[in-house]
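Encoded as structure tokens, the following chain is the form predicted alone, with no partner shown.
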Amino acid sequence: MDNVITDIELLQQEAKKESSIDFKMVTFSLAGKDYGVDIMKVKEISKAGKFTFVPNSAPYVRGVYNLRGDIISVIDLRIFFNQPAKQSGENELESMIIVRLEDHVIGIIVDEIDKVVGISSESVQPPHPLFGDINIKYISGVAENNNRLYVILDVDAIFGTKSEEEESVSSRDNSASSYERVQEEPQTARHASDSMNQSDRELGFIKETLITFKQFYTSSVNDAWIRKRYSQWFEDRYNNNQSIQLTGVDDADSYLKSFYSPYTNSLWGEDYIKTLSSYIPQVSGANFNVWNPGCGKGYETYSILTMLKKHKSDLNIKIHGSDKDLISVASAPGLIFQKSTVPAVYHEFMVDGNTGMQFQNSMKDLIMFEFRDLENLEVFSRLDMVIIRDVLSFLKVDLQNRVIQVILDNLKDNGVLILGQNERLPNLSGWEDISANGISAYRKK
């Protein structure tokens, strides 16, 4: 009986600990010590190398890096803090945390990135002079979690984005004990904090973590799904005595697993082709133009073409398959399939060779695969159909809205837009919602 009571008490303590989490940090190591950075400051994490050297720069500046079209400065945090830094080989990748600082983005190189750790902000202690290897003004606090002591860095102070007045206030705050800081807090602020819905706070952390690990941006396009998914996630993790937090890429992948549309990264099945074919718009002329952004290696684009050839064979079809992955786009025309993986509906449009099956040249001629970054949208010819499944959610929110507007501007009247099964248009102005049977579809009015 005593053992049962002890187990219950442990579970209650764990639940209480989980509910008090209101601060998350991306943790990493420098010279064998553990550090953390507020996750709200982290844009993403990555492995990178081959930085472009900048002449006459400080020793800790490794150079600049092309981050999907944005040129960012790269700082080696080990050298900045006079820590030992292993010399990497020419083709060796470095662990890099990309942080957001007001209007600019900076990459910081560390020894090794660990995970996301959630703690109670009340457990954060002020910095102490014992951390003499790092200037105390660069430390916002110290926290213990699972018997590991984390030094929480203040990236705004490190990279000089704080004003002198803010630094003065921060210095005064850090000189006070945690108890004194709580006592100085206005009563109304404490009450507001106490009344904050824990579920909303946890969901907010998950949204930020999805940006960090997967560049998945929550918006009105996917907000309904992410809230529903959070309810499922919370129940599953709680029942299995697991943390609600996303602590790494594997957790983020697991969270997003049910987000993706059917037949992602594969040829569509005949069932899906038949369902989606009912959304092919009626056209007055013989020409039929389709845009398939985020085409990847081309599986979806070939699936779209097969659907049109099966159900609209009389049309003069042209498909634009575009993606920012140059290697995938370049290899798409030569894509080879093993016969056992190809549904029968495709066989009449393919040829069987020594290494596998390929689409006939007459089919390939109807597709234009092209490198295109949605950050730099160009005006298209008039389009009859746009199929952009699960792509919008991996774009920044302002870009999501711009892409939707470009599609609206370039679709013909009665043209059809197909989104991912868990994506919705945030604004139906100019659109008619024709979604059904698990297909998120809209017709231009």
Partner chain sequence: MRVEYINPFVESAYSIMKEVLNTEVTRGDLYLKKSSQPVMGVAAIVGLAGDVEGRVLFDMDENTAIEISSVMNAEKLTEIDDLVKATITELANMITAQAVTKLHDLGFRFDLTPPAIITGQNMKVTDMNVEALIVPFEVPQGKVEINVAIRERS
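Numbering follows the first chain given and starts at 1. Just so you know, these numbers come straight off a predicted model, no measurement behind them.
The same protein also has a form predicted in complex with the partner chain, omitted here; what follows describes it.
The chain is drawn here without the partner chain; in the predicted bound form, the stretch among 267-275, 241-249, 368-376, 340-348 whose residues come within 4.5 Å of it by any heavy atom is 368-376. For the options L326, A224, I71, L93, the residue carrying a heavy atom within 4.5 angstroms of the partner chain in the predicted bound form is L326. Listed residues I136, I336, L149, A330 were compared with the partner chain in the predicted bound form; A330 is the one with a heavy atom within 4.5 Å.
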